[in-house]
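So this first bit is one chain, no partners, the form predicted alone, shown in structure tokens.
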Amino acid sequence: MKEIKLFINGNFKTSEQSFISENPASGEPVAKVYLPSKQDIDEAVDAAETAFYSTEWKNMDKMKRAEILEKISEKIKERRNELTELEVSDSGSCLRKAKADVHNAASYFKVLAGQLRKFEFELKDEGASRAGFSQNYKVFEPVGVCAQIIPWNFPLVMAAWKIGPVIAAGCTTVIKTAQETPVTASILAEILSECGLPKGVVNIITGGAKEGEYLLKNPKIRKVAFTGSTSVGKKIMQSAGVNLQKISLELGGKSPNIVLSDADLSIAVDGTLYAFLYHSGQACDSGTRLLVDEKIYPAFKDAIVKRIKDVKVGLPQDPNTGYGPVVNKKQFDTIMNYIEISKKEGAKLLYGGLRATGGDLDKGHYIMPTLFEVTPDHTIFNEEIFGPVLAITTFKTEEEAIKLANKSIYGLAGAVWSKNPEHAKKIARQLETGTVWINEYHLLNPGMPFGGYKQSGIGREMGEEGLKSYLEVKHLWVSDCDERSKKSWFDAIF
């Protein structure tokens, strides 16, 4: 059994409090995990502040930081088998999903290194500058010490998304991993130590709400970055307001998935299942509101009910498994409660709605993939479930589809399925979401921004926008007027 220690100021250390992390597929122990005390958290923040002002980090140019990012990418690839195995056992990720996560984490660090090399930290604004008067520059500088909190559903990828721009921008951080899935971030800490990153630039701890709340209250924190539920995001935003900390929030979603009448059903049906069943539905951008043109719905319904039976629910380490357990009993109970609410409200159950049982499944938190026909008044049309439950609604016109799609407090993602991509793009532009796929779902490009409209968040991760969210912009004015007689504005006080 592994030991997951606190990573503070470049050192791994234990603490007085610990717990055992369990495999959600079997309940078996995965690791002994140490929880930080308040003193440990303060020590981590102090280490981050010291590192931020250190000559070594302040004077490190972007090319050297890019080199470190590339080394991290290579080290992740070298340890991909170990990371994949730990991601499966710690989070319940299916083998294929875990392999993709490790690949995506490595890919992000590499892409970010390339973006960093091209990024200009000082730009002369020719439009604002005028010969004989002034030269005007935009200077981008690191925001400072950050506090970052990541969720349990994509532990390694989320750690990469947070740590990458910190290094690229020249910031420092204390990152808190989720108590449910702390293991792979510890391996990432080992990798950081091997890649020439100065001590204290990245500090990694784990814990729950108590540890997170204490971290955010530290007055040395200048930026807070959080990925998780909208309800917790609101609390974090209130907390950040006390010290006017800068903030990035990537929150919940109830993403619309629109199937137009001319969609290729062989693609749209499989894409729909992938959209809401990937990682047992435990993805913030999951396509959990399916909107289907009523003209094709009978054929679509027959096809999806038939096809869903081909999705294998099983042990995560089995390469044939389509999806495995949800992360823990608390999440299992939450999902099953939504299923019961839907039944009581009269939503029509087309498939599933039960615990998945039999053999090894009895040891873990497994739920059958579930399909409901609903109206916009049903609870599961509106509320995020974070599980393998799909709410299906039909529409008569495309205008109605757009209205239904936007009828949500969320705006993280969405999709449109059609054989006419240009027409689908017209619909996509009317959706109030941060990402829209056309004839696709879930795929992300590390060079492009990801984030949400409305209550799905504030700011963006990845892409140039993700890097800039860790930078302050300074206006540098250089006078191009070197004669006192021409500086008539001085005369305002004489």
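Just so it is clear, the structure is predicted and the values come from calculations on it, not from any experiment. Numbers for residues come from their place in the sequence shown, where the first is 1.
Just so it is clear, the following notes concern the form predicted together with nicotinamide-adenine-dinucleotide (NAD), a form of the same protein that is not shown.
nicotinamide-adenine-dinucleotide (NAD) is not shown here, but in the predicted complex it comes within 4.5 Å of a heavy atom of residue 176. With a 4.5 Å cutoff on heavy atoms, residue 150 counts as touching nicotinamide-adenine-dinucleotide (NAD) in the predicted complex. Taking the partner from elsewhere, residue 136 is found to have every heavy atom lying beyond 4.5 Å of nicotinamide-adenine-dinucleotide (NAD) in the predicted complex. Looking at residue 213, you'd find a heavy atom of it within 4.5 angstroms of nicotinamide-adenine-dinucleotide (NAD) in the predicted complex. Just one listed stretch, out of 369 to 377, 138 to 146, 233 to 241, 341 to 349, contacts nicotinamide-adenine-dinucleotide (NAD) in the predicted complex at the 4.5 Å heavy atom level, and that stretch is 233 to 241. Proximity to nicotinamide-adenine-dinucleotide (NAD) in the predicted complex, taken as a non-hydrogen atom within 4.5 angstroms, holds for one residue of 251, 188, 102, 225, which is 251. Of the residues given (129, 107, 229, 321), 229 alone sits with a heavy atom within 4.5 Å of nicotinamide-adenine-dinucleotide (NAD) in the predicted complex. Of all the residues from 396 to 417, the single one having a non-hydrogen atom no more than 4.5 Å from nicotinamide-adenine-dinucleotide (NAD) in the predicted complex is 412.
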